[in-house]
Structures are given as C-alpha cells and as structure tokens.
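Same protein, same chain, two forms; see structure 1 and structure 2 below, as structure tokens.
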Structure 1
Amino acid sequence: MAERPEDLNLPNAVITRIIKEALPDGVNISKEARSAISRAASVFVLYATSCANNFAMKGKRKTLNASDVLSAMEEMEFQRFVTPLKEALEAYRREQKGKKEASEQKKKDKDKKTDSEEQDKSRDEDNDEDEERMEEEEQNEEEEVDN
C-alpha cells in the first residue's frame, strides 16, 4: 500500500496526455484543474479497484480479473462503459493472441534454422572426414607402391 497520499495519484504526464486528447484543439486547462482531474481519476481508480476486489473476494480469489472490473463498473452504476470496456478487452486479447502466435512462429523458424545449420555443419564435418580418409588412403597406396 501507499505510505503517503501523493503516492496514490496517477502520473501527471499520463493525466495531461489524456486531457489533451479529450479536449478540442485550442482549449487550455489550468494547473489547478489538471490537479483536480488527476485526483478525481485517482479516487475513481481506487474505488473501482476496491469494488473489483470485493467481487474477487466473493469468488474466494486473490487475483482481480476482467470480469471483476466489469462487475464493479456495473455496481458503481457505470453500465454505459461496460460495452466499450468489453470491446477494448476483446481487442486487447486478440492483440495478445497475435503477439503470442508471432512469437511462437518466430521460435519455430529459429529452431528450423538452427536444425538446418546443424545439419549443414554435420554434413561439412562428414565431408571433411571423408576427405581426410581419402587422403590417408591415397598416402597408404603411394607407400605401398613405393614398397
């Protein structure tokens, strides 16, 4: 847990970026208003987390999951945000699945490349051994001819 109340505030850079994206061009915001929005956002996050934690505890879990957050939003009477949150969650899951599949494919390609390089190396070693064997046989034949 946070030791000081200031530790509970969201980073100012994040709040400023969100505010700028939400306001039309040419509209400014005072430091005082930015601070108030920042504190309100922090309180909202704490409240939503507390409500979501209650749902996790009811489920006898220590880990909050997406369904806990969605249930908390409904309990806090923010039903109109539930559908956009579900859509964002699905988009996030698709993105993560795509990243995971790309990572697995990259690993498979790397393994194939490694296997191919090992086969090439093994062939080269076999060829080197064959050449050495042939040279030895030629030397032995020359020695026999000389004798």
Structure 2
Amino acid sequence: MAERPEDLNLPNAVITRIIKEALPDGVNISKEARSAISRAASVFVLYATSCANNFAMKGKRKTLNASDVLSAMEEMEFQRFVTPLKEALEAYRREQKGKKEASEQKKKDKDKKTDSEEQDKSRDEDNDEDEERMEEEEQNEEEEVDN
C-alpha cells in the first residue's frame, strides 16, 4: 500500500471553521495544531467505520447503516455523541424526504414546460424569418428614394 488512508484529509477551511466556532472568541490555533486535528478527524472516521463495519457483519449485512455507526460510537466510548447524532439523523431524514418530494414536483413541472416550450420555439423561428425579409425590402425602398 503506497498511500496511507490517513492522507485523505478533510478540507482545511471547514475544519478551521468548526474549531473556531467551538472555541471562545479571540482564541487562535496554530497551523500544526489545525492539521493535526484534521488528521485526527480522518483517523476518527476510519476507526468509526471499522467499528461500524463489525456491527454490520454481526448483523450479516454488507451495507453500513446509521444504527451501525451509532453502535460504533458507544463502542468507542463516545456515548455523548449518540443523542446529538440521533437528532441530526432525524433532521437529515426529514430533509431528504422534503428534497425527494420537491424534485419529484420539479420533474412534473419540467415535463409540462418542455412540451409548451417546443411549441413556442417553432413559432419564434417563423417570426425571425419574416422580420429579415421586411428589413431588406425597406433598404431597397430607401435607395430608390435617394436617387
């Protein structure tokens, strides 16, 4: 294995923002500390994934699901994360439901639109051709008048 998985880092800007919001105003963080936290977060995800995968395999499933991750949190002694994570999951599910309904609605609207748009386009093309002809005729008339 040439590349260590820890090299997959999370974006620095986001990490910095999370850190700054967690700490009181006026507190700074050195570059080294920030990148160390970023790496720690990556390791955390990898470790949590591994734990969660154990639970999935116990349940004879091949796909990690939310409850596997929550069980992993308890296993890793991060029980204090479980409640806020459950709340976030609820909110996420609601949002996904809303998005799905919204996109289905958009799809219906789009289908209606494309039908009417095609009719409009053909009309517009005819109009353009007529206008060009009219302009040419006007120019001819002007020349005659000048002479």
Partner chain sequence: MAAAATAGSGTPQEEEGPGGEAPASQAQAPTSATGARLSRLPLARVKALVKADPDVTLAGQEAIFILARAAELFVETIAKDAYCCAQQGKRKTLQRRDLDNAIEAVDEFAFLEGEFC
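Source: prediction; values computed, not measured. Only the largest set of C-alpha atoms that superpose within 1.5 Å between the two forms is called the rigid core. All residue numbers here follow the sequence of structure 1, with the first residue given the number 1.
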{"item": "Identity of the form predicted together with the partner chain among structures 1 and 2", "value": "2"}
{"item": "Angstrom shift of the Cα atom of K62 between the two structures (superposition on rigid core)", "value": "2.6"}
